[in-house]
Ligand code: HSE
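Next up: a single chain in structure tokens, the form predicted alone.
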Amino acid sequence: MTKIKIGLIGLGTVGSGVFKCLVNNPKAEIVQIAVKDIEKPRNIDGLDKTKLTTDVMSVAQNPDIDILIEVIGGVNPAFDIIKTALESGKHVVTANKELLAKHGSELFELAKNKNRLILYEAAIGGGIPIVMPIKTTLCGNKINKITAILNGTTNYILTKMDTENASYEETLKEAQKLGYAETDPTGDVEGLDAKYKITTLSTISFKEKIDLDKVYAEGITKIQAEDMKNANEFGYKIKLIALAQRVGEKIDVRVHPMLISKKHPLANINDVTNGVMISGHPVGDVMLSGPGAGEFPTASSVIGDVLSLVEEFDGNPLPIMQCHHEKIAQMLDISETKNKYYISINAKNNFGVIESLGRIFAHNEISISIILQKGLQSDNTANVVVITEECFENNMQSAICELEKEDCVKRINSLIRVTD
């Protein structure tokens, strides 16, 4: 059979893995590769440097190429590259979560008009197969909720803080030294990476367009070692959770740290591993976990998409592989959500402090499940830890404002949402 011709944009960590996996494949051949620097030393067996070019658009427009693989990330120039490739009649495989979250609607519409496919298994969970199972095996289900750990860097940091009683700052430095965190870790630790992923995952799961700008994101930078110890005492672990769920006619999509019950399957997803729990009808709960990043795990998902396309090349693309989300989702604002909360408050060691805190919570229609004073400090203050019953976010934020004005309260150490 004639081999399918592949164009590869990017030869970094993931691109190198893709090349190594495809170099001897009997069904596909990489014929052109776009890189920033042709002369850069690369220890890749079988790499023919004559296939390298710095002209990315020549790859996107090459009439001999059937499938374009984009693994450079970011919006620019990836958007123009993929748009050009689709207009030139190529199928596209990408690992670009940011691009899909920001411009997926436009690109998917173009692909549909050109009768071409954009496949993106690697963009959400690295090596975890999640996109195609939702589109195929689980397509007969009404998915109601997704609870996921979608960022390996933050999960590694939180795991080490938990098991080694280390500070966030110490653990971040270790993650950077090991290559798990970037020099500028903002995208990971502020929850942006997980936000991009859950936006796209929600769109395909609920078959409605999710507005990235309306997805709430909060990172892990304020988590303290003391919070980890308290969570463990109460039977919880702290994880950065990407959550998407139906609430009436609206869809609630957000990313933030959560205390999650030790009985929950995601509580045992540690280090750089990712995990996704899907709740739907009639299937119930389905859990998938595995490596969320890395050369070969991510390449595995890219290759899976490529070979899926290869099998369909003699006919029209399977409709089930296309994107079907014409409706724009009504989004639930974070202020409208209902959650349980963990609050750590540094307060003066005076009579009546607990009574004052209880009064403020009651005034804001918040019931307390657990309240505990944690030791006396040298400045005659103590940390008071509270776990509430379920209440509205806007009520909790109102209570926080009142607490910050209360004379007996020195500071609010932490506010973290809780799930069982």
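Fair warning: this is a prediction, and the values are worked out from it, not measured in the lab. Sequential numbering from 1, following the sequence displayed.
Although not depicted, the form predicted together with this ligand is the subject of the following passage.
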Identify, from the list T200, T147, S301, N151, the residue with a heavy atom within 4.5 Å of this ligand in the predicted complex. N151
Would you kindly say which of V286, A329, L332, A293 lies with a heavy atom within 4.5 Å of this ligand in the predicted complex? A293
Flag K239 as yes or no: does it have a non-hydrogen atom within 4.5 angstroms of any non-hydrogen atom of this ligand in the predicted complex? no
Applying a 4.5 Å heavy atom distance criterion, does H91 contact this ligand in the predicted complex? no
Heavy atoms within 4.5 Å of this ligand in the predicted complex: does K195 have any? no
Is R254 a contact residue for this ligand in the predicted complex, using a 4.5 Å heavy atom cut-off? no
What stretch, of 245-253, 71-79, 185-193, 337-345, brings heavy atoms to within 4.5 Å of this ligand in the predicted complex? 185-193
